[in-house]
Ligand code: PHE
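Here you get one chain, nothing else, as structure tokens; it is the form predicted alone.
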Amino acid sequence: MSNYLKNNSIEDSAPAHSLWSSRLAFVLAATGSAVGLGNIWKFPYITGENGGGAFVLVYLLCVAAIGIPIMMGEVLLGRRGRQSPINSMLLLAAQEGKSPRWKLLGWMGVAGAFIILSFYSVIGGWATCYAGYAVLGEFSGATADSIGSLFSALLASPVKLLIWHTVFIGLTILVVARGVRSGLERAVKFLMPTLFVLLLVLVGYAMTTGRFLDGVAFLFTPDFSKLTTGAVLSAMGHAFFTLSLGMGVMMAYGSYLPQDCSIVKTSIIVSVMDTAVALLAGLAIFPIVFANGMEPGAGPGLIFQTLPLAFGNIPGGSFFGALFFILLVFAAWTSGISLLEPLVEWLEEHRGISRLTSAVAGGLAVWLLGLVTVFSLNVWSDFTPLGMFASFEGKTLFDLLDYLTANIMLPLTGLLVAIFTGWVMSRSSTREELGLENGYGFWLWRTLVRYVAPVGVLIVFVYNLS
């Protein structure tokens, strides 16, 4: 370890990897990571479940007070270390004269991203499959029973799930294997503008449903009587999850950020763009739901059951349904790319193997773990290994992986990021990397990352475990 640190000192080493060509490239990549199924699938349905406008307001406050400060901290750690999350934490702990055990923070981020991608890929496969269904007109004239049967048949077939899981992982490896500029950067420069265009087209379509203003009112008119404690904590948790925090992603992407790019500005821009996509998704989805007399609080089935039924029974539904699910695939793909990157970056550094080999090896490992989710949805659906405990009764292996990452690993990693950047790193180190003087801006970030963000994450952490 001492030789590693000696040969890779922060002050003297050049960046270990290629850098983004510009701030725009980083913004698109980081936004692509943040914008995913959480924005277009999860945000609309949890907003529907929690009453709309009041939930959205709390969510926006949480993004500002918790999400952005921790994102700045993760990008700061990545750029200052210029290594994978694991090696960056090892180097930074040494610089601050702290225990090398802080590298466990990096390990948790990389492991969290690895586990999440294993089941995220399966769900991304659903989206890819549904894009095919929409293009082939499978939703046309469909009934609630036929749509439900379509979804049930997909989940019940390990062969179909395996095929689409493989397709999604293959697409992810294809991009990551090409490197930072030729792979990640080139992909997001095409995918992100296309995603925004598709989303705006769908919002334009929602304006023709006759219920667009109802969708606007539902999203932006606060009704605090519907705001429960659970809704507030859900908003806090989603604000953290949607920005890809606690997964090592922003640290990995930050390690490619040129020194002359402002961490503060880029973090704020990424957060604003991510939030804009979530709100636009709501504006695209809720008018369609209302126009068809459906419930906005339909839960996880909103995207894969409620919306296909709506698209199948409205003029132009096949075309716009296809656009919607292509949008969903693009969003999932950009996030999948980012989730594989921390592991690939570490494999390149630690094993000294090529980018292509790292991407294939990492992707294959993710694919293998993804089989757990594939089979948990059908042949292993009755296998609940921790069912003897009341809290885990009925939870499959897939449910346990989701619980482990969402409720333990991500919040704990985010909490440790806040502690390390706010309390362990010196004031001069963080101020230098952020490019902030000892003025109000630095004081605000330091206050939020030292007090507000840790308390918020800790509350969500304890609530989720209770």
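Source: prediction; values computed, not measured. One-based numbering along the sequence shown. Take the two forms, find the largest set of C-alpha atoms that superpose within 1.5 Å, and that set is the rigid core.
This next part talks about the form predicted in complex with the ligand, which is not shown.
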- Query: Among the candidate residues Ser358, Ser335, Thr306, Thr373, which is the single one with a non-hydrogen atom no more than 4.5 Å from the ligand in the model of the complex?
  - Reply: Ser335
- Query: Here the chain is shown alone; which of Phe311, Tyr256, Phe325, Tyr120 has a heavy atom within 4.5 Å of the ligand in the model of the complex?
  - Reply: Tyr120
- Message: Against the ligand in the model of the complex, would Val249 count as a contact residue? Criterion: heavy atoms within 4.5 Å.
- Response: yes
- Task: Flag Ser267 as yes or no: does it have a non-hydrogen atom within 4.5 angstroms of any non-hydrogen atom of the ligand in the model of the complex?
- Result: no
- Query: Heavy atom to heavy atom, is Gly38 within 4.5 Å of the ligand in the model of the complex?
  - Reply: yes
- Determine whether any heavy atom of Thr242 comes within 4.5 Å of a heavy atom of the ligand in the model of the complex, and answer yes or no. yes
- Exactly one listed stretch (138-146, 229-237, 77-85, 338-346) reaches within 4.5 angstroms of the ligand in the model of the complex by non-hydrogen atoms, and it is 338-346
- Message: Following rigid core alignment, is the displacement of the Tyr59 C-alpha between this form and the one not shown equal to or greater than 2 angstroms?
- Response: yes
- Item | C-alpha of Leu37 moved at least 2 Å between this form and the one not shown on rigid core | no
- Query: Against the rigid core, is the Cα displacement of Leu415 between this form and the one not shown at least 2 Å?
  - Reply: no
